[in-house]
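Alright, here's a single protein chain in two forms, structure 1 and structure 2, each given by itself as structure tokens.
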Structure 1
Amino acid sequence: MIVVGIIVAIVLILLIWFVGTYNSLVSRKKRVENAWSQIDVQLKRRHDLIPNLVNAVKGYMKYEKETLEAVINARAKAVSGGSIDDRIKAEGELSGALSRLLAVFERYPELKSNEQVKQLMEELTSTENRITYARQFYNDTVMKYNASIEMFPTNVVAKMFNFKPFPFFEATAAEKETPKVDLTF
């Protein structure tokens, strides 16, 4: 009778641990998805600002057609969707194209003094700061989630229910590149 009681207690403890571990993994996965949706909101804001900014500067930047086209193409690629991995890469390209555009602004003093462009630049800078904060939060959340699905013994439950790791938001080569400012006219 005592042996049966011990076996039932062990099974009950294992069942409680199993359910707790599964629920913990689901909770962490939902936090990662929430963190991604926070980035998505800021990226949408940036995507909405870019056409207005490009239209505002087109008249001033007649000789920078290539830079403007790079921004427009990178935005179109970023908006097209896809997996989180694809979107992270596309957003990296867009960030690189935007940094080159911002560097080109230095050549046009009248452009920098235009009120509409100033306002759009302030909104874009504010949005970029929000995206940076959201990326940090996302990466922190992904790190905790990915660690939990790899560490023993939770990795056993993670493998049973096919929990997959999420990708990190990393700076691309284009983002790491220092924009070149050419002030010659």
Structure 2
Amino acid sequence: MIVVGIIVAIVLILLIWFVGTYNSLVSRKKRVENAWSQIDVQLKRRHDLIPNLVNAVKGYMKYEKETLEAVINARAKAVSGGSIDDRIKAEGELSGALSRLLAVFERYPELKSNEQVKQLMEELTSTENRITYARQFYNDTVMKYNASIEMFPTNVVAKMFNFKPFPFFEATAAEKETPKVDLTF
């Protein structure tokens, strides 16, 4: 009788542990997916902002046609979609083009004092920061999730239900070169 009781208790404890571990893995995975969608939201914000920005500065920057066109083309590519790899690449190009545009801004004092341009620049700076922070948060969440599916004994449950690690969001080469532009007004 006692032996049966002990066996039942052990099975019960194992069952509770199993369910708990499974649920915590699912919630970690959801957190990663949520962090990923946050990056998406911010990228969309950037796409929406660019046409306004380009329109506002076009008049001032007659001699910077190339820079502006690069931004417009990069945006078009980024918006057109494709596989995740393609998109990451297109967004990287867009980041590079935008940072060149911001660097050019420095040469136009009258542009920097324009109220509407000031506002757009603030929005752009904020959007770039949001994208950086969203990636940072995504990578942090992925790190926790990936660690938990590899660590014993959680990895047993993770293997049984085929929990796969997520890739980290690495900065592309173009972004790593991004010059730091002082945008304080």
Partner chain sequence: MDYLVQQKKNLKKTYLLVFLFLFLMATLGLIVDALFGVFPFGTILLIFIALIQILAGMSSGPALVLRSVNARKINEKSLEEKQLKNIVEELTIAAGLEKTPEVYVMEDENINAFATGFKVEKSAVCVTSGLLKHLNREETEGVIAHEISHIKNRDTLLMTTISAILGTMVLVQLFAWRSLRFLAWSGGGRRSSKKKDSGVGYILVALLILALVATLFSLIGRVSIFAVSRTREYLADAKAVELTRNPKGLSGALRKIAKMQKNKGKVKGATIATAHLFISDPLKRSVNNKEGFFANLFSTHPPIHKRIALLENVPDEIVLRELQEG
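All values reported here derive from a predicted model rather than from experimental measurement. Here, a residue number simply tells you its place in the sequence of structure 1, counted from 1.
A.B. asks: Any idea which of the pair is the form predicted in complex with its partner chain?
C.D. replies: Looking at both copies of the chain, structure 2 is the one that matches the description.
A.B. asks: Could you tell me if A56 and E33 fall into one and the same rigid part between structure 1 and structure 2?
C.D. replies: Same part, no.
A.B. asks: With the larger rigid part held fixed, what angle does the smaller part turn through between structure 1 and structure 2, rounded to the nearest degree?
C.D. replies: Here the smaller part turns by 17 degrees.
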